[in-house]
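Below you will find one chain, with nothing else, as structure tokens; this is the form predicted alone, and questions on how it binds or moves follow later.
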């Protein structure tokens, strides 16, 4: 880790540091990692070219939701998008807004700004933790809408640092899926088309959705959002877990939420190993109870505990 940090610091002297993943992830678990804060597409291209040439693995980390980081840290260099990659640009077009957003933009803040501007289409994302790039990567969605619904095109840099612009129809969007999950690339920006609407109406709808999320989800505890994907042609994972009698089940400091069973919460002193153990317990018990094998929606970072 020290040698990787030293190498990167030669090229990016003020942007490289060693950080605890527990400070960067919403589960608040995980060990040390080398982190690089990237502020422009040019800087990112240089970094990707360097890591490719040196054989250094990397991982894009936004707000740290949907990620379980190893207690021992990771060998991947953590790349965090900031600066010009976390800016937005708005342009009115007839009865619509053209929105250009960097991949590092905070999704809930963008959703709130859209409501205040009178740009309809992102209300569903109020309260969803993460960045725009992460939302596109996972095709994040809620309440019958998804981020892909409003996309026009996506800007990416591949693992060598080469840039490409991909139209929405080429992104292979599906339920919590995009082609970017099968590629080694970085989503640097997106272009969206949002409709004109009454800001007061949109703010009211945003508040309704945020209140609903607060009532439904255990937001007072560290968590990573929904742990398991919805199985095809089946009921929700939360219902399957609840029916299997797993609400309140614990492993160390990790617990299946009493409020929503598809959330595993850190009650205060959970380790990533506790959470991983509880995930396996839930999977095994649900399979034994229902014959349905749940698959994680989360991503693992570092060596599996």
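Since the model is a prediction, treat every value here as computed from it, not as a measurement. Residue numbers count along the first chain shown, from 1.
Keep in mind that the form predicted in complex with a small molecule is not shown, yet the notes after this line are about it.
J.: Are all three residues 110, 177 and 229 in contact with the small molecule in the predicted bound form, where contact means a non-hydrogen atom within 4.5 Å?
T.: Spot residues vs the small molecule: no contact at all.
J.: Please tell me whether any heavy atom belonging to residue 97 falls inside 4.5 Å of a heavy atom of the small molecule, as the geometry stands in the predicted bound form.
T.: Result no; residue 97 lies far from the small molecule in the predicted bound form.
J.: In the predicted bound form, does residue 223 have a heavy atom within 4.5 Å of the small molecule?
T.: Result yes; residue 223 sits at the interface with the small molecule in the predicted bound form.
J.: Can you work out whether residue 299 and the small molecule are in contact in the predicted bound form, taking contact to mean some heavy atom pair no more than 4.5 Å apart?
T.: Yes, residue 299 is a contact residue.
J.: Is there a heavy atom of residue 121 lying 4.5 Å or less from a heavy atom of the small molecule in the predicted bound form?
T.: The answer is no: residue 121 has no heavy atom within 4.5 Å of the small molecule.
J.: For the interface check, one of 272 to 280, 62 to 70, 232 to 240, 248 to 256 should have non-hydrogen atoms within 4.5 Å of the small molecule in the predicted bound form; which one?
T.: Selected range: 62 to 70.
J.: State the residue from 192, 77, 140, 202 whose non-hydrogen atoms include one within 4.5 Å of the small molecule in the predicted bound form.
T.: Partner contact (heavy atom, 4.5 Å) among the options: 140.
J.: Considering 171, 128, 210, 86, which brings a non-hydrogen atom within 4.5 Å of the small molecule in the predicted bound form?
T.: Of the candidates 171, 128, 210, 86, 128 is the one lying within 4.5 Å of the small molecule in the predicted bound form.
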